[in-house]
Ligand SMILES: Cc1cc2nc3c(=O)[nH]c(=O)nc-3n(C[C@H](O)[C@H](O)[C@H](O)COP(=O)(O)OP(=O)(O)OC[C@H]3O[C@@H](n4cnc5c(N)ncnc54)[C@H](O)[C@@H]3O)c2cc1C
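Okay, so here's just one chain, in structure tokens, the form predicted on its own.
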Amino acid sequence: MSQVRKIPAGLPIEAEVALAPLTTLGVGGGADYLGRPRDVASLVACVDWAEAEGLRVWWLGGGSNVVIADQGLRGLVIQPQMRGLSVIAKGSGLELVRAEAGCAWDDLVLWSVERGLAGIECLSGIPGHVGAAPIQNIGAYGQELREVFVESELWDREERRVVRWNAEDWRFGYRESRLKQEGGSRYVVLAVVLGLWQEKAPSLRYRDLQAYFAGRSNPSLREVREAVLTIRRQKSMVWDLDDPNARSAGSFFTNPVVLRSMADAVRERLAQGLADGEQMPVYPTEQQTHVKLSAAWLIERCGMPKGYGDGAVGISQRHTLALINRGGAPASEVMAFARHIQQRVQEVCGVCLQPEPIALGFEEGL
């Protein structure tokens, strides 16, 4: 910190705060200042103070999908703490649920399931906060946020007002959105509104869930939630301080979406290394010209299985897409290990893997 600023009384701001403990990966340096506003008025006051002091503003959610640089973040990091949950409208079997940005995502899922509201039950166990969910268009086990997304409230720093974006405004894609594409600190999510269904059967589109409930009919929302949590725990994809494989940023790479011709070329490259009867996983997409490949499968076929890596950073023993901090890892080592995986897959398969976490404080990103 080059200059110590006086923090006005009443502002929820601390100076010189370590950020690594606020992330699931547990790497990175500290923040000059950290603000934790509990309402919109105090959030705006924090931003106003930073602007008056000439400080850069950063936004931080639950810390589950970020990698923070070793040098930390210069300026003011704001981690919204607004946690309200409410039903704001009902009708035609649908309830509109408003959740504020600082609410833990899984708390929202549990709250909804307990009220018999379907639409996000397969998104159980995803760490992080509600405010970050639309940025990533989170998805898992056959469901995506955009399927139930109605609108969001954001603070626009340039226009100094609350604005509302619907799904079209967000430009959702596979683990993509307008805010993720544009970056910057102009907007911060204050709340989201989701349309969840009353008395609707839970989703069983994902094969792991279909296998889990094989021979059974009509599982409840609660049973599907528990099944998802069980499967995620088996993969160390539920945040657990006692599980060394859980100190990760979740899936570090997205599944590549490629032209069908590209998928055919990858299949030809890898054909000689396949066991008898083994097929390269290929999944349909919304675009008929494109298909989705399995990033985990490609990584493993390139000689990097679960548990790969002998340093402070490695691949989880339970999930190939999770890069874990085995203890004391610097962010630079995480970055180097991720690039090593990308380079190997590019050389062997001809596919460029794209990172899923958001990089904070790095000049070149991930």
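Don't overthink the numbering: it's just position in the shown sequence, from 1. Keep in mind it's a predicted model, so treat the numbers as computed, not measured.
Keep in mind that the form predicted together with this ligand is not shown, yet the notes after this line are about it.
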> Considering Ile358, Ile13, Val348, Val17, which brings a non-hydrogen atom within 4.5 Å of this ligand in the predicted bound form?
Replying inline: Ile358
> From the list Val224, Leu194, Leu117, Ala101, which entry has a heavy atom within 4.5 Å of this ligand in the predicted bound form?
Replying inline: Ala101
>> Can you tell me which of 294 to 302, 325 to 333, 60 to 68, 308 to 316 lies within 4.5 Å of this ligand in the predicted bound form, counting heavy atoms only?
In response: 60 to 68
> Can you check whether Tyr212 is within 4.5 Å of this ligand in the predicted bound form, heavy atom basis?
Replying inline: no
>> in the predicted bound form, is there a heavy atom of this ligand that lies within 4.5 Å of any heavy atom of Ser248, even though the partner is absent here?
In response: yes
> Any of the heavy atoms of Arg146 lying within 4.5 Å of this ligand in the predicted bound form?
Replying inline: no
> Quick one: is Gln136 in contact with this ligand in the predicted bound form, heavy atoms, 4.5 Å cut-off?
Replying inline: yes
>> Heavy atom within 4.5 Å of this ligand in the predicted bound form: which residues of 123 to 149 meet that condition, in order?
In response: Ile126, Pro127, Gly128, His129, Gly131, Ala132, Ala133, Ile135, Gln136, Ile138, Gly139, Ala140
